[in-house]
Each structure stands twice: as structure tokens, then as C-alpha cells.
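One chain comes next, on its own, written as C-alpha cells: the form predicted on its own.
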């Protein structure tokens, strides 16, 4: 095992309920992003680029598509004799309990045997639903340099948004003194990114004790990390300075896609020095019709654009028919905007059809409109 015996576990079992209809049938990490990618591509590509060759992906809700997708480790170069991506659903229970992970720590506890099989010195734990590029080997170097029991990646967020996150309060050097889970009155703006490195032997002992605690929520933020702090363990905050986005809501998913239009956003998917790998989709090149008008757009392969597209992101296989207008919007794979239709400040889900002449969304609206069902055209009403 490379990277000084560090194994990665990706927590990919959340419901993603704030993404509404987008996660009715697929797990949040399998949601499409950026034209041709899925959200899970980012942590998996980060692992591959960081030299981590064994990755466990812990799945749970609506996981059929996600399971089959991540099982093809060749997409990220993790399919050699000494590497692999392993799908780890919840272990079946003998009693009447639901076959689920009870919390983030429980997800790791249920897979201790899998981890022990590789006998890692360090364990990297990742959320499977964020958009970012990060070299985990640098974080590991930091962890070893500070002789930490745990290192938690943090990123500064606006103070007015800090109450949405787990917040790390540190001393001047970055040693964590206190952890607050979504505090009403945060003391700092250092938000946890859901990226942890633990010294495995230390974490294993804590998890074994946590399993036996009937009062535990079996969660890293609520139980494991506070227990470590209370017992005097050494925890350090690793400050990340690159692009990172929690795409847990329709608005934030739209925002992250729109960041692709801003060359200064830090989200460059064409950077070959840190490539984001994905499924190799065979398809025709994009087609831009002679009467199409395009202004500031991100358009991927297989798209057919015959209308007007302004400040928008168009995913693989989407179509904008003659006379149609797409403004400040995201069209996901296979979606169709019919002739003369209008889509403004909206996110159109996979394979949804906007009928001819229909109008969706509104300029200046406070929130992005999710269109998850077909919209009838004027002649169809």
C-alpha cells in the first residue's frame, strides 16, 4: 500500500434529501456534475492523484447506480494488482434493526475487518459529496510532522455561514482546542471539510469503545472527535486554501456548476496536472446550429444547440431547440428545451423535457428552480 500505508474510506451513504428529486432514485454522490462527471469522481480522483491505491466506498441509500459506477475502478486508475475501489454497503444484521449505518463512525466500525485486512498505519476518511481538488499526501505529511492522533481539514467560510458547519476552534498554531457542531454563535470560521486523517491504531480503539456505548450517536462530529479532545488526544487543523464546495442544496449545486464559467473560481476541470477522471462516454461531438447564439457557456460533448444559450452549463447529450432560450441555467444529461421555450435561473434534471413554448424560472428569483418533471408545451395544454 502506497503513501506510507494510508487507506481511504469515502462516506457515500447520505440521503441527500436537500437535493430533492435529484436524489429520489440515485445517491447524492452519483448526481451528475460539470457536464460529464458525477460528484463521486472528485474524491476518487483526488485519491488516485494523491497516490492512494486502496479505497473503500461506503454506500447505503439508493445505491444501485453508485455501486456499479464505483466498482469500475479502472476509471480512476485504481484497478491494478495492488489497488482497487471496493463497494462497502451496510453489513446485514441478525436482528430486526434496519440494514443501515447508524452514523459516520458506525460506518467505519462496521468495516474494521476490511481495514484490518490492509493493516494501514493511517486512515483517511472523506465525504463523498463535495466538489474540490486536494492532494491528501500533503495533509498526511502535515499529520506526521505534528505527530497528531487526528488531523481535520478545515476551510475558512464567511462568519455568517459558519453556523451551518462543524467549527474548529484552534490555538495560534492550529492545534484544535474545541469542536462545535453547527454552533448558533460560532467562535471561529474554520469549517470542517469532512476530511479526516487518523492514526489507525488510535482510532480503532476509540471505535471499539464507541460501539459498546448505548448513549453514543456513533458519529465523528458528535462523539469520536469530542471524546478525543476530552481525553487529551492531539488534534490539528489542516488549513486548505483551494476550491471547495459543499453541494448539498439545489442552489449550491447550481453555484458550483456556474463556477465553471469563471476562470478565477479555482475550479478548472481542464487542468491535466490534477485530472478529474470519469466514465469514458462515447458520443458525437457537440453540434452548434447556424442560427444558435452562445454567450459565456460551458457545453460538453453530444449537445445540440440550435437556440440561444447565455451564462449556462449544458451537460452531455442535452438539446436546445430552435428559438429556445437558456439563461443562467444548468441542463443536466439528456434534457431537452423545446422550440421557443424559455429556461431562466433553473436546474433541469436528467432527461427532463421542456415542451415547446413553455417558460421555466424567472430572472432575479432568489432561489434556483429545480425542474425534475417534464413540462408540457403550449400546444400540449
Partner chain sequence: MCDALGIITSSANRQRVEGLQDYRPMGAFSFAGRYRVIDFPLSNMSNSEIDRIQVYVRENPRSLAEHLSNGNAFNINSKKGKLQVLFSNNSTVNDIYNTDVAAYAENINIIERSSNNYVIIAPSYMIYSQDYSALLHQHVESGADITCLYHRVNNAKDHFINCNTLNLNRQKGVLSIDKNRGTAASRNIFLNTYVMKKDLFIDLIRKSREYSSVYTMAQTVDHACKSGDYDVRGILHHGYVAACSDFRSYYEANMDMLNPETAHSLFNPNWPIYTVTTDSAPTNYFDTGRASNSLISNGCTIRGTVENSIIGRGVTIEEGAVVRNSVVLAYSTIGKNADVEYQVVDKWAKILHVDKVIGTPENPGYVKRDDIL
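Numbering follows the first chain given and starts at 1. Because the structure is a prediction, the values reported are computed rather than measured.
There is another form of the same protein, the form predicted in complex with the partner chain; it is not shown, and what comes next is about it.
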Response to the item:
The one option of 227, 252, 301, 137 with any heavy atom within 4.5 Å of the partner chain in the predicted complex is 301
Response to the item:
Exactly one of 112, 71, 100, 288 comes within 4.5 Å of the partner chain in the predicted complex through a heavy atom, and that residue is 288
Fill in: Non-hydrogen atom within 4.5 angstroms of the partner chain in the predicted complex for each of 260, 275 and 280
yes
Worksheet item: Going by a heavy atom distance of 4.5 Å, is residue 147 a contact of the partner chain in the predicted complex?
Response: no
Worksheet item: Quick one: does residue 338 come within 4.5 Å of the partner chain in the predicted complex, counting heavy atoms only?
Response: no
Discussion item. Considering non-hydrogen atoms and a 4.5 Å limit, does the partner chain approach residue 284 in the predicted complex?
Written reply: yes
Item to complete: Answer with yes or no whether residue 325 is in contact with the partner chain in the predicted complex, where contact means some heavy atom within 4.5 Å.
Response: no
Response to the item:
Which of 340 to 348, 48 to 56, 326 to 334, 33 to 41 lies within 4.5 Å of the partner chain in the predicted complex, heavy atoms considered? The stretch 33 to 41
Worksheet entry | Those residues of 332 to 348 which, in the predicted complex, come within 4.5 Å of the partner chain by heavy atom | none
